[in-house]
Structures are given as structure tokens and as C-alpha cells.
Ligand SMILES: C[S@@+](CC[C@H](N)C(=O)[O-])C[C@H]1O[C@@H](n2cnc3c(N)ncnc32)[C@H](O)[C@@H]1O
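Read the single chain below, which is given as C-alpha cells and is the form predicted alone.
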Amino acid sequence: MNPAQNSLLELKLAAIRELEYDDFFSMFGRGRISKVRGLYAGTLRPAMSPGAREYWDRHIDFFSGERRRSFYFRGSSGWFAWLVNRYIDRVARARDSIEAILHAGSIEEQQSIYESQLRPIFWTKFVRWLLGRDATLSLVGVPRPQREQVEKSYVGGIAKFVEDSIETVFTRLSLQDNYFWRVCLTGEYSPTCCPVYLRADNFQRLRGGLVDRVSTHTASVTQFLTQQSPLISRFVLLDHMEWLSTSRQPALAQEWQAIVDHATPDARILWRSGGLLTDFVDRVRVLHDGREREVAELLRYQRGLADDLHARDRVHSYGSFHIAHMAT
């Protein structure tokens, strides 16, 4: 739905096709590259669509490293991460502790650093109050409907949920390969802790032809499905259905009707939620085989596998994760 996200994807695709690996990693691994304006104008811009060009004509300096801010400290969520890092560096003065826990050799070492050095500065009364504000949550992409899903199912509400989630990341999951949190806490990835598309061998595979399999569509799920003729076998819906779970339930019903109409008989569907349950999905009513049915009747859940994977989720900012197959 957000054309800026597809503009970023187009920039990555152009960079895979046109740049050498070291420059590619500087841009999307380090979040900064020297002489980015010249590189963009002469090499990347010609390989993108007019809409993406228009966006990056205005924003390519996000990669310039100006004032030591990486690309990953730009935009609303990036700005929030930058503020968190300013708090760590200038108020809590805990940068050494952050570096220590990111480089800890074991979960036990992480636990020790967190309990003795980070917990006391993370969870002050002010921080807990701040995390309970809608304005704060909106900066990290948590809309009011998603907050409501958490509030009704998690004891202690949204602030306690955030605290428990972060504690799990720092004390129960290894941070050595947790590139999600590394980029939030440092503004960059490392060659050994980064998304797989940033690894040198995978970059060559992408450049060798895999990149040509990627297409971009700025549309809702419903719009995309109703505009496509092939049936779809895999759906990754992330958490967007919560945005539709309250005041936009008719749009959620339209989306599921489109999914049912355009899914292969063995289609697999993944989604996540801030809440512990997604009963708002199960109750959606759609037409199937000439009669109205609830979505729950058409799905076969893999709850055990989903729960096991959710426990190991390195982001760990969602209350539940769901895997379902069409059972029609």
C-alpha cells in the first residue's frame, strides 16, 4: 500500500544489477556510502521506474551518512530508533553495555549483562509511561486497532507486553545472529549478522538471475488478487489484518473473499498478530461453494509448528504467529 516501500525495493533491485558487492553492502549493510548522489544519478536512477526516481530524487541523501546517521535511522521508525540510541548514548550512557551484549558469547552472558547493566536503565517509570502512549507506538507502526488486540489479551497491557518481549530477546534468544535488533541498536548490519540477501554468495545468486523474478505492486491485497489471473499458492500477510479488525471489517471480509477465490487448493497462509488470538480472522464470513461460511471452516491450522517458530522469532514483538492451509 505504501509506494515508498516499493521505491526502496526498486532501489535494491537496481543496486543488485548495477553495483559491485562492496558498494551494495555499504548502502544496505552499513546504511551509508560516499558520493551517493553521483552513484545514484549515473548508475541507479536509470534502472528504476519514474515513481521510484521521483522518490529517490528527494531522499537519496538518506544514504549519505550525514551527521553520522545511517539510512536505518531515517523515516518514522528509523527516527524512533535514532532517538532510542540518543537515549542510550547521552542519557543512560550505556553504549558499552549494548556493545557487550551484542557481542556476548552465550545466552548466559547476555542474561548477566542485561540483569546487571541494562534492565535498571531500560525500565524507568518514564520509559514505561512513554511506551504506553499511542503517539510512541505509531512511530514504530503500531496502530490503535493493533494495540487494542494486545490490550484485551495480554495481562499488564501494551507496556508490559513490550517489556516482556524485549527481555525475551535479550535474555533467552541469541543476539549473535539477530540482525533485526542489531540494526535498531547500531544503525547498521555486520557481514556476519545481516539479512541473507546481503551475504556475498547470495548477492551473486540474485545478480545471476533470481533478481529478475521479483515484481512490485503498489496495491492492497484485495486489489492485487482481483487483478491477477493465476492462482496463488503462498500468502505472507504479516500483521496488516489487525489494521482492518475494528472499523474496517468489511475490507477484511473482501480481502478474505479474494484470498479464497484466488488460492490453490493446497495454499499456505502465514500471518502474525500483536494479540494472542486472531479470532477476528476466524469469524470473517465468505462465500464458498455457493454458501456462506466462516473462514475458520476453510482453514487447517498448524498450531504446533507455528508456536514453536514463534518462540524462536528474533524480532519477538508480536503476540502470536499463525500457519494455515486451505482445507477446501
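Note that residue numbering begins at 1 and tracks the sequence as displayed. Keep in mind that what you see is a predicted model, and the values were worked out from it rather than measured.
There is another form of this protein, the form predicted together with the named molecule, and it is not shown here; the text below is about that form.
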If we test each of Val91, Leu231, Ala219, Ala200 for a heavy atom within 4.5 Å of the named molecule in the predicted bound form, the one that passes is Ala219
Within 4.5 Å of the named molecule in the predicted bound form, heavy atom basis, the matching stretch of 234-242, 81-89, 169-177, 118-126 is 234-242
With the partner left out here, check for me: in the predicted bound form, does some heavy atom of Met1 sit within 4.5 Å of the named molecule?
yes
Classify Tyr318 as contacting or not contacting the named molecule in the predicted bound form by the rule of any non-hydrogen atom within 4.5 angstroms, answering yes or no.
yes
Taking Ser138, Lys160 and Asp313 together, does each of them reach the named molecule in the predicted bound form with some heavy atom inside 4.5 Å?
no
